[in-house]
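What follows is a single chain, given as structure tokens, in the form predicted on its own.
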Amino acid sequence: MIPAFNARSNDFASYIAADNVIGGRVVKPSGSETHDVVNPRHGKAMSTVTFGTAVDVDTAVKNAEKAFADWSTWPIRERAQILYKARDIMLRDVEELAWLVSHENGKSYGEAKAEVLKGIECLEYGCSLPNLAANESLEVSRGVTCEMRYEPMGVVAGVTPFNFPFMVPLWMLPQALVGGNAFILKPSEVVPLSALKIAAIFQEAGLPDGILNIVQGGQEVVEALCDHPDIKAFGFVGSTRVAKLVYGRASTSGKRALALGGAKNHLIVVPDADVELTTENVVASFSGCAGQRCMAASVLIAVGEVDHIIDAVAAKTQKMVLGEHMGPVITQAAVERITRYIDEAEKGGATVLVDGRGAAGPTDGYWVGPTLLDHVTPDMPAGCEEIFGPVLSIVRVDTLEQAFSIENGNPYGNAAAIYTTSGHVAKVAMERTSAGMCGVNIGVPVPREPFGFGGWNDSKFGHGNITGWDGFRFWTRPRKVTSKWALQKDWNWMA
């Protein structure tokens, strides 16, 4: 259905057009609007995507409903077998998948491969669900048994972002599919190709046609997914502005909704922090994936005398080589946005310790070098807004109380971390920071499976986490069955 992507280097390579996958077939979207799919490393189109419309969403829903009627009757263990087979295919094709992610998103090969492997880990959790979701049963009274069952919602949908085109769909698909649902996925129009490979992998694994559908597009498709009366649950990962809008729209239409938004993650560094560990970790946190991840460090809160650590971070940052240690950002518009934040911070009184503006990479792509801004204040845009690029803003304070006040005062709540060798300081920080995912000496505290991914405050709209056990519960609905088969000699209110 979808041909192999044969590139095995950073050399430019083109690929197929990004069309819809509906009912197991590749079909042209019904819209007329087309966009280039640009390789950010080269600044050159490797594919094109045609936007679908509400008509495509309705067609996908009708196909999904037909397929769901049979799929929902499969025993959960048989549904999980499809995931086992998909996992084997992903491991077989890990090189192809990593290079595809690298080309369409711009990540380095190593970062792209790590994304694919993390996606496979999410799939493995889905494989375990037949054991974790075993029906709970209890004799609640003599001769009376209560049982909990998890049953599918029906046709469900998800919208995923550009920064992790392979992994984020696999935050949703394993739990939704094992739960017995049919799924409609709208990938980011900027990176629509990895989703096609995911669909091809599941088809090869034996997933019935119509259970996983891909609809390409932009705002019209997202709104149609939110509004369609036969879509029962809706998941979203993207910016906070859009997350808030789609959560409200999907909820208003009667859907169960969970929307993950943006972040402004704070790293608190205290004087007793281990210099080598902190330096390595901070640089990896703010520059990894070119800072284009919702768990990246954005603000370093320097508590007291930590100049020796800041100097080490700056020295390591200056040694980074674009194209080798860090890839490009996603678009030219991203280059301009990130540069504007740096310019405004400098004009506002910040010191540019390491300047990534105008940096040249090895190819004609969208490059911004890793940047350190010192003496940023929390009210500067660089100190409080999500930049989504390789920029770390350093805010200086005298006390931990001031650090917690700054972190707590930001509207986001995805991640926070502390660097210290004191167990007491770490304990206090984990109690006082206002974030759903926290780290001690770890700047990207992404929970590994089975622990669920999800932030607090303006980083999430809806209840629960999108991965792990919460994810399974989100895509299913509980049915409680109370049974009695014989008249008992002893009576109570349930008899």
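Just so you know, these numbers come straight off a predicted model, no measurement behind them. Numbers for residues come from their place in the sequence shown, where the first is 1.
If you look for the form predicted together with a small molecule, you will not find it shown, but the lines that follow are about it.
- Among Phe183, Phe236, Tyr419, Phe166, the residue placing a heavy atom within 4.5 Å of the small molecule in the predicted bound form is Phe236.
- Site annotation in the predicted bound form: the residue of Asn213, Thr160, Asn105, Ser298 reaching within 4.5 Å of the small molecule with a heavy atom is Thr160.
- Taking non-hydrogen atoms only, Pro174 never approaches the small molecule to within 4.5 angstroms in the predicted bound form.
- None of the heavy atoms of Val306 is located within 4.5 Å of the small molecule in the predicted bound form.
- In the predicted bound form, at least one heavy atom of Ser459 sits within 4.5 Å of the small molecule.
- Within this chain, Ser188 lines the site of the small molecule in the predicted bound form, having a heavy atom no more than 4.5 Å away.
- Segments offered: 240-248, 80-88, 373-381, 399-407. Contacting the small molecule in the predicted bound form at heavy atom distances within 4.5 Å is 240-248.
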